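Presented as structure tokens, the chain that follows is alone, the form predicted alone.
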Amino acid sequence: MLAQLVLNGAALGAAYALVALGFVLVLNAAGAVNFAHGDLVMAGGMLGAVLGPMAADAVGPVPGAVLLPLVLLLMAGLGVLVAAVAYLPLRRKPPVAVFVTTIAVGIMLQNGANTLLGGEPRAAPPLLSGGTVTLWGGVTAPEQSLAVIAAAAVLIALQVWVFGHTHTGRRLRAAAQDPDMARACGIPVTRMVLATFAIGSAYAGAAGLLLANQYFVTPHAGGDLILKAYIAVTVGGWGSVPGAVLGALLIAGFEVGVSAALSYPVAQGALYLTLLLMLVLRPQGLLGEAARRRA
């Protein structure tokens, strides 16, 4: 029972980590909160839920692992569109202008999904199969949970490698940390911002697909997901990529544990109380790095 709870918490935390990573990437690049991020996660889940049946009609059942690269690509394109419409025209304006436009983009995504697909819950196909594997000590684990953890780990490692060990990653970090200095050094800051939005949106889409094949997704799921991302980065530390992963794993473990011991509504209430306490007692988070606003 305990091993199963740990596995469930790790799988949920892995998906939450992708949500929080995309959120932090855009926060660092734009210096403003992207309130459409939760709806981008929803859009990724909906894409998986739509592409799965379409592929099944054309060639037969297709696992979610095959759909994942296509979802990443489509969501990266959507991220570029969001940046072009809701951020770039307003980046010299006060941050509240970006807040409002990203909220508007989120509402458009919700209403678009609701209009095109309806409001009923949908599920994406599983990453692999619906079978189980036996681990050490005779513990039986769903293949789906292990596949979600593995997929998230690969994507997180890929992001760490790109941002920490490649020329493009150094240009992306420079453009996010000091746009004026980066521009003076010849770095195309606008292109870097678009690339960051694309990566953040792609990770949101991946998280949406991973969550939608464990749970159902609806057009209005984004509000809850943006709050989870907000809590994760607040617990881990604003602007900190390792903090975002740590915060996501902690809140997922907390949510699964309290839900099993008491109930899901109690777990949600306790999460929001934790957010309040963190803001009062340690606003910089566990791996604190204060967010800088430049928008």
Partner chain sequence: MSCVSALFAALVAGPAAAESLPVLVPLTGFLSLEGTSQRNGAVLAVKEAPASLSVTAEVVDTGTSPEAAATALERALSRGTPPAVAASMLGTQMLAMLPLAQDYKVPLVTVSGTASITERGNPWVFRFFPGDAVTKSAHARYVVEELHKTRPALIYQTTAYGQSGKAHLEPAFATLGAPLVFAEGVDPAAKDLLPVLTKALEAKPDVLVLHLHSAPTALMVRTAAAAGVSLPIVAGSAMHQPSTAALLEPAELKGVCAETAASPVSGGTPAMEAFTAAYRAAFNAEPDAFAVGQYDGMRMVLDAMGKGAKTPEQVRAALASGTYEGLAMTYRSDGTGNMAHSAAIVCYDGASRVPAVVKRYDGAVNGAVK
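Residue numbers count along the first chain shown, from 1. Treat the numbers as computed from the prediction; the structure is a model and nothing was measured.
Omitted here: the form predicted in complex with its partner chain. The next part is about that form.
With the partner removed from view, the residue among 84, 181, 123, 73 that has a non-hydrogen atom within 4.5 Å of its partner chain in the model of the complex turns out to be 123. With the partner removed from view, the residue among 94, 119, 89, 188 that has a non-hydrogen atom within 4.5 Å of its partner chain in the model of the complex turns out to be 119. If you check its partner chain in the model of the complex, you find a heavy atom from every one of 5, 111 and 268 within 4.5 Å. Although the partner is absent here, residue 259 is a contact residue: one of its heavy atoms lies within 4.5 angstroms of its partner chain in the model of the complex. In the model of the complex, its partner chain sits beyond 4.5 Å of every heavy atom of residue 161.
Using a 4.5 Å cutoff between non-hydrogen atoms, residue 196 does not count as a contact of its partner chain in the model of the complex.
Using a 4.5 angstroms limit between non-hydrogen atoms, residue 214 touches its partner chain in the model of the complex. The stretch from 202-210, 216-224, 94-102, 148-156 that comes within 4.5 Å of its partner chain in the model of the complex, counting heavy atoms only, is 216-224. The partner is not shown here, and in the model of the complex the stretch 229-251 never reaches within 4.5 angstroms of its partner chain through any heavy atom.
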